[in-house]
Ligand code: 13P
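Presented as structure tokens, the chain that follows is alone, the form predicted alone.
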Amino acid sequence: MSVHYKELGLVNTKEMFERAMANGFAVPGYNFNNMEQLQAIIQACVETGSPVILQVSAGARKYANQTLLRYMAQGAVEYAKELGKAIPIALHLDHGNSFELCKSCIDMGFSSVMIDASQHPFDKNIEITKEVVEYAHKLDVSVEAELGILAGIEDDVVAEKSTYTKPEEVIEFAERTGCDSLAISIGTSHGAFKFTPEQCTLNENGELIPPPLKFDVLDAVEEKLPGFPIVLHGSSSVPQDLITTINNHGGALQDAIGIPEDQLRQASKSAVCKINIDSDGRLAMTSAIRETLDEQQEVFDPRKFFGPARDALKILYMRKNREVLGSADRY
């Protein structure tokens, strides 16, 4: 049974992005798969007064069930009110790879969808994206598209290397597709292993510093499409304290390197009005779960390890909103 997102209390991303670009911040795009993640996201964003885009990948949709996800999103809206602040909440399909998947999500109450046809040639990408836009706009649903390819692995999205977005293509792409926002490739990538140690340099403290993002590409895109909403995927910073905790409690995450947060803050002050963060959330939860189960080996009640994991995720996202995205105290 189809339902419109407004019936669930959700919003699309139009007003969110307008406010973000006007005030120099980025709306968080936080992925979720289960109740504890959703609780942490809503708690963090209510307490910091931040809008939020709840993101669901195709893999998460299979894992959690599309009907449950619909009602979880509706519950998130009511939960935010219960916590004391009716922040704007969008429900977004992350990396939809077909018209059929995007249509199904729209019909199930999503207020925003991403059609990622970036693996196709330019004209085919436009053709597929335009088909999604035409259907979505009839129902006032926002559409994010992608031009350029991000390396890395995220659920079913796999690419061996990045292809930077070509600024000379963005005007034609935006005009021919009618998309509402555009995900571009400027050096971010999916997953927790964004760079190899060989790609990094050592600073005076012996820390590995990854290569900088291609802000020249971002600047050129912004010049070609002034005032157009830009999105960054693969923007986890992979905090090394979380990696250390995971490895100290039985994990094996070697050479996990992310995007420096100061570069993400710089990007959020430009036309980048949405930044996706998923791997950092996974690391925060895994760190807390491993620590609990390692130090309290008698524990078998899932609430005893999912509870601390939820709390760790909330703390992480509150800090992201305040210090990285600049989205705190916007509502």
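Start at 1 with the first residue shown and count on from there. No experiment lies behind these values; they were computed from the predicted model shown.
Quick note: we don't show the form predicted in complex with the ligand, though the next part is all about it.
Although the partner is absent here, Pro239 lies well away from the ligand in the predicted complex, with no heavy atom inside 4.5 Å. Contact check for Thr48: every heavy atom lies farther than 4.5 Å from the ligand in the predicted complex. The closest non-hydrogen atom of Gly75 lies beyond 4.5 Å of the ligand in the predicted complex.
The closest heavy atom approach of Ser268 to the ligand in the predicted complex falls outside 4.5 Å.
In summary, the region of this chain contacting the ligand in the predicted complex, judged by heavy atoms within 4.5 Å and restricted to 231 to 239, 165 to 173, 199 to 207, 248 to 256, corresponds to 231 to 239.
Checked against the ligand in the predicted complex, the candidates Leu38, Leu69, Ile277, Val272 yield a single residue with a heavy atom inside 4.5 Å, and that residue is Ile277. Looking at 82 to 106, the residues that come within 4.5 Å of the ligand in the predicted complex, counting any heavy atom, are Asp94, His95.
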